[in-house]
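Only one chain is included here, represented as structure tokens and corresponding to the form predicted alone.
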Amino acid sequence: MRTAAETERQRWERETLAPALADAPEREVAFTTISGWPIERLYSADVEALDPPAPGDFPYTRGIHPSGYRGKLWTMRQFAGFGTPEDTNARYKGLLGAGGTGLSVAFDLPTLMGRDPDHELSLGEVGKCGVNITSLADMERLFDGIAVGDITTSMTINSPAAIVLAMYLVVAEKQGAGWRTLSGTIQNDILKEFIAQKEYIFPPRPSMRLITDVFAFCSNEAPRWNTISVSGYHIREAGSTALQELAFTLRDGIEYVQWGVDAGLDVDDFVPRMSFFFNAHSGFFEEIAKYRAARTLWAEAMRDRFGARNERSWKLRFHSQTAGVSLTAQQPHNNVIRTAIQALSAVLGGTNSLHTNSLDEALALPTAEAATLALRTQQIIAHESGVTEVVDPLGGSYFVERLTKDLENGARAYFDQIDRMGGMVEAIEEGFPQREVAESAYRYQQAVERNEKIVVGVNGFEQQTDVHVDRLYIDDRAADTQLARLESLRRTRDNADVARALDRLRAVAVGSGNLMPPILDAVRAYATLGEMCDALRDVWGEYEERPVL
């Protein structure tokens, strides 16, 4: 029996649509989302679950806060880091002075890989793609004149995350800020490194131990600190679809919770300090639906799968960043428009924190002027667009609700598939999510090369004239400075104390104790990041990925 909506839909198609198409046929293109899902011509009231629970009510599809942004705006957090700690410190002070409300630290490749500046693999990379942090002394320089107890700080680092967090805690200690009052986030998400970004050091299982040790330590010592930012951003940047980003990110989160529970932690002691990090890509409505689906899926998993009783464990909180992979070197000023649309989708999806990319990031690290313009994009959305005055303003949209439901169902299918493999660690060891992302990236690139997807300025609307954009150039002075400081540090510190601290770290790594106390002792002794990572390499070795074909 047809519903009233179906009857009306058929009448419209027969009496209104058909004559119009006879006069003016539709464009001969594939109407799909950026992820390749077919888009129907019209969505109407036959959508299931058209009226989800109100904002602030389980499962939080429409938002975790009943008043949305009418109560508090999202944190405007600009990702920054380059050169020496002093270089980045000056940028941070500029961003805070321009109205930024949180800091986000980008580290260079040697820091991300746990190498000191004098390691042969660090050559040519020191300070290039982020700030170089070699020891506690550098972390002190990075936050010189910035009261860490008065700001929130996000640090995007994974394999050495526990070590970098320890450095931040000791800086707070030296500034007189109590750990229990500190607010911020350490990314600490090793599973997405194995899936997408590949900045791993240790094998998966000892890496997971490091993460659960951070969970346990911070739940007692730094209860306001977000101990992990489960990141779909880099999975999407590697070429995944929106559905794969959603499913793999949340299944990673479920894996971390399971490992924490298996380590003896109470789910409600550590899950409230877990946060998420999503990409804000160019498929405007698909992105909004993705965020709404994520909240629903996480709430259901925490309550029904793990038996969490604390509502804060059910509520997914997330940071978002506009899509770096969407930025083009051609016609770079177009990136301002891309970023504004992507940022708007994150806001309409209820993001809790947001970074907007700069127009020049397809060419180099952003200049101060470009970074300020990116921040102004957020401020204009917040204060001039009017979208913050209504909670979930697109809730009830036939199209958005259909996309939300489809993404939920697709993610659950991925969950079931990964569960059958034994979990996400096992799935990664088999290469499953890696293959899925690689195949998706290949399909999208084919669509661009066939002109089925148009990227303005790249395969459509090209122009031959060059557009001048000022670029931030990082020379080798940062490397020279950091090398000289490293030499001085090793000459002036108590090296016997350092050796004892590193021996304790190795001993605990061999055993089963929490690794954070010996890491903190080594940080206070001014052991370098590379020395601490090498101590763990001595015990656990380095991971080599099996090729995925």
Partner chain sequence: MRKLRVVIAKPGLDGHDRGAKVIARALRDAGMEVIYTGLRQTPEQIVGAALQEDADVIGLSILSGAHNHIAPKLMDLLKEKGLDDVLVVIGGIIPDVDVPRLKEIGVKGIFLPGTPMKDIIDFITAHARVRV
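Everything numeric in this text was worked out from a predicted model, so none of it was measured. Numbering follows the first chain given and starts at 1.
Below: the form predicted together with its partner chain, not depicted.
- For the options 310, 330, 220, 367, the one in contact with its partner chain in the predicted complex, meaning a heavy atom within 4.5 Å, is 330.
- With the partner removed from view, the residue among 438, 265, 390, 341 that has a non-hydrogen atom within 4.5 Å of its partner chain in the predicted complex turns out to be 438.
- Figure note: of the listed segments 192-200, 331-339, 367-375, 135-143, the one touching its partner chain in the predicted complex, with heavy atoms no more than 4.5 Å away, is 192-200.
- Put simply, residue 239 is close to its partner chain in the predicted complex: some heavy atom of it is within 4.5 Å.
- The closest heavy atom approach of residue 303 to its partner chain in the predicted complex falls outside 4.5 Å.
- Taking the partner from elsewhere, residue 109 is found to have a heavy atom lying within 4.5 Å of its partner chain in the predicted complex.
- Mapping the unseen interface onto this chain, residue 174 falls outside it, with no heavy atom inside 4.5 Å of its partner chain in the predicted complex.
- Although its partner chain is omitted here, in the predicted complex all of 363, 442 and 449 have a heavy atom within 4.5 Å of it.
- In the predicted complex, not one residue of 385-399 has a heavy atom within 4.5 Å of its partner chain.
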